[in-house]
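As a starting point, one isolated chain is supplied in structure tokens, in the form predicted alone.
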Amino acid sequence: MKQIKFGPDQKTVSGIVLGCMRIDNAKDPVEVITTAVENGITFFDHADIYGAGKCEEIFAAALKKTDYKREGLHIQSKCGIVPGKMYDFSKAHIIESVEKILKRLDTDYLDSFLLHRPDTLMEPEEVAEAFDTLYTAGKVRQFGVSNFSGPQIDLLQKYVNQPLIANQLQFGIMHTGMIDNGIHVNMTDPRSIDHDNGILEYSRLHDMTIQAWSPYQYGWFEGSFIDNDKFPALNQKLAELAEKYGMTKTGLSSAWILRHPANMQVIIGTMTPSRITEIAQAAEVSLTREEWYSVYLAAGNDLP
């Protein structure tokens, strides 16, 4: 399992993260957790809205049935989305959300805690107060964000005392906007449009870990590109390289993300033990520069 350095203390964590958004649909949550850990995946991602909190409860109950020590795992959660109503970064909401998260997860602390999506009504001073309260009480050890731009991070970091160490962003072979505009800089074609405020380079400059969500999807939750007839050239290239390295297309797609030097993690959402294993094994492979670009081009991208 590829390991990355996470946060200012350079804690070593697994490059693959098991996202627990669908653990409420898992046939056997204990087997899911066991398979992940046995394959070196010790980083688990949650959010208070996943299953309306049920996913955290299921995870906690399943974890109790294993022999794994809490200190050997990295447990992360998020808050800020009030489904169908608003985003809420108020001090009261953040603190109350974390208290409920800790209770559902049956743990005394979160290794990391992220703000789920930007709240345009955010008052950073209030967020800072909430973070200080949680950090001082030992309830959250590290903080980050999700789906934030660089300027939004700078605004928050101006007031927050703790370093913001991670940003969850959609990224994968068929969602490469943060790469495209960098390659097409100083051009006027569609790929030169920067929809992400230079977040890739920003993250590298500020030592922030990008946690890639929906890594096998295309569009806005339109489906997976793997074995999809809409993408024959890409799947042919994935099959070619997957055969070379003795892995699946899904595994190869994960290795493609981990090959980038931006210190990324891949958040996988599968609850199928065999797929967890195949993806974890792929983390051992490092694609060559030429192979990486060949996949990028097969996905329909171009080089100016």
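The first residue of the sequence shown is number 1, and the count goes up from there. The model shown is predicted, which means the values in this text are computed figures rather than measured ones.
This protein has a second form, the form predicted in complex with a small molecule, left out of what is shown; the following refers to that one.
At a distance of at most 4.5 angstroms from the small molecule in the predicted complex, none of the three residues Gly40, Thr209 and His260 contributes a non-hydrogen atom. Partner contact region in the predicted complex: 142-150, out of 142-150, 192-200, 156-164, 127-135, criterion any non-hydrogen atom within 4.5 Å of the small molecule.
When contacts are judged by a 4.5 Å heavy atom cut-off, Gly269 counts as touching the small molecule in the predicted complex. Using a 4.5 Å cutoff between non-hydrogen atoms, Lys11 does not count as a contact of the small molecule in the predicted complex. When the small molecule is considered in the predicted complex, Phe113 lies well away from it, no heavy atom lying within 4.5 Å.
In the predicted complex, the small molecule stays beyond 4.5 Å of every heavy atom belonging to Thr107. For the residues Lys244, Lys54, Lys65, Arg275, the 4.5 Å heavy atom test against the small molecule in the predicted complex is passed only by Arg275.
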